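What follows is one chain in structure tokens, specifically the form predicted alone.
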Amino acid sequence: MKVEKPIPVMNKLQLISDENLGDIERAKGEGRKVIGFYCLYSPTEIAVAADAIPVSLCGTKNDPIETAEETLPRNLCPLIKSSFGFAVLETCPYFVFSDCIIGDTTCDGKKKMFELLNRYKTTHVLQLPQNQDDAGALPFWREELERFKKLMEAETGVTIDHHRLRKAISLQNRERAARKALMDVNREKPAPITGSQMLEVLSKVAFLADKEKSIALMEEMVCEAKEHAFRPRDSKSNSRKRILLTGVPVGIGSDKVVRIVEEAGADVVAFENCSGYKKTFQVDEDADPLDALASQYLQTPCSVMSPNGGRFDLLEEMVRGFGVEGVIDLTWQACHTYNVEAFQVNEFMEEEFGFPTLHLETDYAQSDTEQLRVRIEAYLEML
């Protein structure tokens, strides 16, 4: 009898990712809805509570941008252009599968893009407060989530009661805990998972329709990484500089900075952005579920908020916890809020930790790769 060898966990990730579109297609055939999301602020729990499948739609590749620029300004954020280009071209299967889109007003470029996106797919935009501490911010945001709940009930035909919401919160909390545990593996020295590997895992599991598969896979990866590193170790492993990446979200296709850092002999051990550690929060499972969702999601430390003190609290915790030796602050071109906030981030790092950040402004194209390489190598040399 032939004994099959166990599938290495990264191969298993690829296999499950390949099967995922089939899983979604079968679910739609059974009557389930697919809801597309463009930002971290809108609670996916509300879609899950309606027995819908939430999928992330942020564009992270350069390919569709040329088509998007036939409609959108060239000097717009590449994430917005990539997202819109995928929609126009219908080359993102997750956009094609989505029955409706949920956006929120995280930046002026996105909210105007959503007006155009509505021509291709029904798009609902939630109005996000611009201040987390104002007395009226939380009640206002809770009302927007109540509107979101009614939209999901109308879209799916499912009544979302407290029991369904609490069950969805519990599931999403488990998934976020698994993401955190996976990212926390790189608190070890040397980091057992490269930044590129971590980015690949986090990007792919975000699309999985079956949350239990996603949780189990990340838990398995944590165990495997603790038993033996995903990457070979040698005498130079402990000498690689430990870098934290903050700023805008990155993903497969928009990861050139991560790759350059690794090629230069350093490790991106932590991602503070909303494709990384900002997703590791826990929602209170004992409070009124809609109150708990509104309160927790509103505290997301994005530069759209003014002031944005939560970002600096998170940076301090991560720099200390991950043993960070340098911080790269990444801004996509035309992302004004992160660009302006870069001054405060650098000031904070110098005052608290005694080293400056490296602020990089770029887009998804590869044309500036060598310029970025020179700046990154010089920064690493200085640390």
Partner chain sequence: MSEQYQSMWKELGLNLAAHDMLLEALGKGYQDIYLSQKERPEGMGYFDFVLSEVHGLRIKELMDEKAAGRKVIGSFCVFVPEEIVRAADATLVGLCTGADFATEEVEKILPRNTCSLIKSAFGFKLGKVCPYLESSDMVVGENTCDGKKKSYETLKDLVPNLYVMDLPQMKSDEGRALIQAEYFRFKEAVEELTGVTIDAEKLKKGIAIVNNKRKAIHRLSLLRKADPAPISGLDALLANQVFFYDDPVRYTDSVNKICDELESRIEKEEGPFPKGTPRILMSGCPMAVPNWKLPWIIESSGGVIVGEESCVGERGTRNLVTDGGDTVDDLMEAIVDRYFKVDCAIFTPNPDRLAHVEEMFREYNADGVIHYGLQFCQPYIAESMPVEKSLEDKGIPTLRIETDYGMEDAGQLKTRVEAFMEVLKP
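Positions refer to the first chain, counted from 1. Fair warning: this is a prediction, and the values are worked out from it, not measured in the lab.
Keep in mind that the form predicted in complex with its partner chain is missing from the display, and what follows is about it.
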Using a 4.5 Å heavy atom cut-off, which stretch among 189-197, 171-179, 152-160, 101-109 contacts its partner chain in the predicted complex?
101-109
Using the partner position in the predicted complex, report whether Q299 sits within 4.5 Å of its partner chain, counting heavy atoms only.
no
Could you confirm whether A334 comes within 4.5 Å of its partner chain in the predicted complex, counting heavy atoms only?
yes
Could you tell me if E144 has a non-hydrogen atom within 4.5 Å of its partner chain in the predicted complex?
yes
Is there a heavy atom of T280 lying 4.5 Å or less from a heavy atom of its partner chain in the predicted complex?
no
Quick one: from S239, T91, T122, Q130, grab the residue that has a heavy atom within 4.5 Å of its partner chain in the predicted complex.
Q130
Partner-contacting position among E115, D288, D134, D313 - heavy atom within 4.5 Å of its partner chain in the predicted complex
E115
Do any residues of 303-319 have a non-hydrogen atom within 4.5 angstroms of its partner chain in the predicted complex? If so, which ones, in sequence order?
S303, V304, M305, S306, P307, N308
